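Okay, here we've got a single chain as structure tokens, the form predicted alone, with questions on binding and movement later.
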């Protein structure tokens, strides 16, 4: 099979496409014929040795995929060969085949093609867990989404609206904000032109945002924590800006606020029943037309490095997908 390989930590340009042996599956795994693979921020980190997992060399990046089950291990009971599925792989999806633990695989519902399914799991799974389990977002609350045109940001905008919140989308350009507006955002903030803190104050009558969804970190986190409402919750989702911020904890004390970590991959493994319930709700909202995965760019397998760079350089809106077949 063909696979994109990382043989040493480095930039995306050092990845190579080679012919390798197909994977053998364990008793609890399925063999997936990959049709499409989603590109996510962890892919930009894992190839440079900056992610919390460091697979042995050589490995393929790619944390999620959609395709067809080729083979099923004897301990996997909910799937069979020929099923159309979406899978959370951690790494390995930028290849024609990948072995995946059965508990990380679920059937693709009707209405989702392979490309959309490959763009669905990680972003919507992360944002649903963040807003439901971690923030306990309530109808009528104000949700501020940073990086609102990116994959997880757009998912947070759509899920926030589906949960009945008033959504303020914040991004770095008018073009990105237009995408968030189309996804249902009620208010928009361009933080490259004005102060995030001051704009949030204006839009909330000085009260601040009840829930802040932050996949960006850096300077925006510093402003966001000062824009939070009494009893607010700031969700730490990621650090796309590159800087992990430090928190003056007196700001939490003064607002009775909570800063809450979001690690969906670990949640999905530790609380599989809750994760499954989240996806049943997500699939129901998708069927109702409330969730519309936006794939802005697709790349063939041989251009996987370009796909990773499109995301890593923060040029992409919505999701980037590698078309494997």
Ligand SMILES: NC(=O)c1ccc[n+]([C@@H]2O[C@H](COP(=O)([O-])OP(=O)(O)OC[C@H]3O[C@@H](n4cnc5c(N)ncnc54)[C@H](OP(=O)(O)O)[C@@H]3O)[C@@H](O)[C@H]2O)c1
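No experiment lies behind these values; they were computed from the predicted model shown. Numbering follows the first chain given and starts at 1.
If you look for the form predicted together with the ligand, you will not find it shown, but the lines that follow are about it.
Student: Determine whether any heavy atom of residue 149 comes within 4.5 Å of a heavy atom of the ligand in the predicted complex, and answer yes or no.
Tutor: Answer yes; at least one heavy atom of residue 149 falls within 4.5 Å of the ligand in the predicted complex.
Student: Would you classify residue 238 as touching the ligand in the predicted complex, given a 4.5 Å non-hydrogen atom cut-off?
Tutor: It does: once the ligand is placed as it appears in the predicted complex, residue 238 has a heavy atom within 4.5 Å of it.
Student: Just to confirm, residue 312 within 4.5 Å of the ligand in the predicted complex by heavy atoms?
Tutor: Yes, residue 312 sits close enough to the ligand in the predicted complex that at least one of its heavy atoms falls within 4.5 Å.
Student: Give a yes/no on whether residue 134 approaches the ligand to within 4.5 Å in the predicted complex, heavy atoms considered.
Tutor: Result no; residue 134 lies far from the ligand in the predicted complex.
Student: For the three residues 22, 115 and 307, verify that every one has a non-hydrogen atom within 4.5 Å of the ligand in the predicted complex; reply yes or no.
Tutor: Not a single listed residue reaches the ligand in the predicted complex, so no.
Student: Heavy atom within 4.5 Å of the ligand in the predicted complex: which of 157, 171, 119, 87?
Tutor: Of the listed residues, the single hit is 171.
Student: Counting non-hydrogen atoms within 4.5 angstroms of the ligand in the predicted complex, say which of 180, 95, 211, 216 makes the cut.
Tutor: None of the other options qualify; the answer is 216.
Student: Looking at heavy atoms inside 4.5 Å, which stretch does the ligand contact in the predicted complex, given the options 194-202, 122-130, 100-108, 158-166?
Tutor: Correct option: 122-130.
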